[in-house]
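What follows is one chain in structure tokens, specifically the form predicted alone.
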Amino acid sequence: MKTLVIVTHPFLKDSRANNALIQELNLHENIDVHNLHEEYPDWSIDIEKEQQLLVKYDRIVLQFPLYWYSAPPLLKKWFDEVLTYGWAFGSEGNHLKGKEFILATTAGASEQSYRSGGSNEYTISEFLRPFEVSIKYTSAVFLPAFVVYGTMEATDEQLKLDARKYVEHITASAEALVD
């Protein structure tokens, strides 16, 4: 299975967690990493290039830090500009139909803080729901997200372990992820 990981992080060089994930991804030949901030430092997205890229892959992973309880703004801009009517959805928009999508996010706070009654009041799944609905709207398959919690306090060894789990998650079969 051909897997594309689209990384969006405005301060990637400072992110121990996201860099650990990318370092692990780079060890695997069947996974390609596409960094939006590196590709489009001026935020001028090449829509046709991005659409052609998506068509080439069976599974697309969107990797980003939880950023004000959502994704970084460049990823939102990417959604708005790349997943267009007539291409990603609508009567003729079937280019993503059946493709598998996974969200991969990093959160500075602990998993316990992302629950009812926790300091963030809601679960990660609730924060990611708009992405899930958007992806399903394109007739793509939304698979369970991968989340690295507690990145602010994690040791380098813990982040390496999380990175190995990440690769296991995004390379697992769809059936294994939904069981």
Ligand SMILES: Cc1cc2nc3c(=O)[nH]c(=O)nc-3n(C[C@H](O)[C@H](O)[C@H](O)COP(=O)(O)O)c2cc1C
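In this text the structure is predicted, and so the values were computed from the model without any measurement. One-based numbering along the sequence shown.
Another form, the form predicted together with the ligand, is not on view; read the next lines as being about it.
Student: Contact with the ligand in the predicted complex for residue 69, defined as at least one heavy atom pair within 4.5 Å: yes or no?
Tutor: The answer is yes: residue 69 has a heavy atom within 4.5 Å of the ligand.
Student: When the contact criterion is heavy atoms within 4.5 Å, does residue 15 count as touching the ligand in the predicted complex?
Tutor: Heavy-atom contact with the ligand at 4.5 Å: present for residue 15.
Student: At 4.5 Å between heavy atoms, is residue 83 in contact with the ligand in the predicted complex?
Tutor: The answer is no: residue 83 has no heavy atom within 4.5 Å of the ligand.
Student: Taking heavy atoms and a 4.5 Å cut-off, does residue 114 contact the ligand in the predicted complex?
Tutor: Result yes; residue 114 sits at the interface with the ligand in the predicted complex.
Student: 146-154, 25-33, 133-141, 52-60: which one contacts the ligand in the predicted complex at 4.5 Å, heavy atom to heavy atom?
Tutor: Stretch 146-154 is the one.
Student: Quick check on this chain: which one of 107, 104, 75, 88 has a heavy atom within 4.5 Å of the ligand in the predicted complex?
Tutor: Flagged contact: 107.
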